[in-house]
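Have a look below at one chain only, the form predicted on its own, in structure tokens format.
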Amino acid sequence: MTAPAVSGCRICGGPVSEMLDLGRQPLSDAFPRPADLAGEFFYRLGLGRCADCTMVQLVQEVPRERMFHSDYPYRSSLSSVMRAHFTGTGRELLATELTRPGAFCVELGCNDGVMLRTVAAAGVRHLGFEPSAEVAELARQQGVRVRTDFFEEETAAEVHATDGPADVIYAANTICHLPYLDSVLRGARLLLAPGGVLVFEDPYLGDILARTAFDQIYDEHFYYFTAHSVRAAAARSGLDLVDVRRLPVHGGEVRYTLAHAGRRTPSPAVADLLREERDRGVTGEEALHRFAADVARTRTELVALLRSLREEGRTVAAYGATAKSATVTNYCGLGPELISYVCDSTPAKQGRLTPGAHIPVRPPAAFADPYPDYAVLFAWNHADEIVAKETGFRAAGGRWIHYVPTVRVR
């Protein structure tokens, strides 16, 4: 089965020109069992740019029910780095925005409740939206109030009617997943209190281009934001971009803060990032053309390296069965003949195969049984955490293969 093509910009309806074709791709988080390969869903992964509002977006939309369902395997709490990040975020929101008696916080895509449990522990009213039933239940077990549903204008109106206005609507690595962003922003405007804020953090197009991080492009990431494109989208829904902050997590993100139009004065950081984007040409076509050429070069070099190692009789595995690794393996044609297996700490992925490429997924304990000669670091955004954990690999003579920003052996 395939996904339908998008006609025109999903934000403003303007013309969208395709800048990069990453080929036939599977659902990035659909890890099939070896006996269940028939009927695997595929779509064409292409990246386009709107000539009118500069929003960079996918050219085909995968139905949300296929991506975010009861078996969705991602768990935010499995990374110690991300646990610390979300705990700190919760504390910051409590100190800055959730200060009034009866304050109300809503999170979109709350996953296993890793951020909201800090808010809940402080006794603050809250609600998490999480459409994936199993992961939503994990959040409930942490004392988090969860609605198993998608956030959009209609559901926002329902929450406003039952719970009243929200002081904070927060989302991490979620807003970019939602093609119907217009409905989400209208819902946020409806639900937010007059002085409330929508705070969200997502991968930043400027960092993706600078690092040739093409694996950040996959089905769940429909939009690739800049300050320019976020400001334009927000304005169409009666919201202002009032703050931005660069974040080091997930390979480079920006935290955007939106408020009702005219309610807050934008911080100097907004003008600074807008100026930087203009100076670097981040929002223009030429930067995307250069990026496409860099991506093609990375594929050529990575495939050549892996083939050479296997011809020499070296053993090669990979670390991190991430969603983004589906883009790498399928675009580059990397199967079990080049990468014997992938280690991952997510129990729901173990014993299954990677999407499309069908590389076996094993638990981290298998990494040392015995260690491979080389390991491709698919979870490169957690490199420090993984390398610190797997000191035995280096002690045994193992070497890490990186491909962001360039192909190299460490």
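Note that residue numbering begins at 1 and tracks the sequence as displayed. Since we're looking at a predicted model, the values are computed, not measured.
Beyond the structure shown, there is the form predicted together with a small molecule, which is absent from this document and is the topic of what follows.
Only one of these stretches, 317-325, 333-341, 236-244, 270-278, has heavy atoms within 4.5 Å of the small molecule in the predicted bound form; which one is it? It is the stretch 317-325.
Do residue 394 and the small molecule come within 4.5 Å of each other in the predicted bound form, heavy atoms counted? Contact check for residue 394: no, nothing within 4.5 Å of the small molecule in the predicted bound form.
Even though the partner isn't displayed, in the predicted bound form is residue 52 close enough to the small molecule, meaning a heavy atom within 4.5 Å? Residue 52: no, not in contact with the small molecule in the predicted bound form.
Would you check, heavy atoms only and a 4.5 Å threshold, whether residue 348 touches the small molecule in the predicted bound form? So residue 348 does not count as contacting the small molecule.
Classify residue 379 as contacting or not contacting the small molecule in the predicted bound form by the rule of any non-hydrogen atom within 4.5 angstroms, answering yes or no. It does: once the small molecule is placed as it appears in the predicted bound form, residue 379 has a heavy atom within 4.5 Å of it.
If you check in the predicted bound form, do 79, 385 and 389 all have a non-hydrogen atom within 4.5 Å of the small molecule? All of them do, each having a heavy atom within 4.5 Å of the partner.
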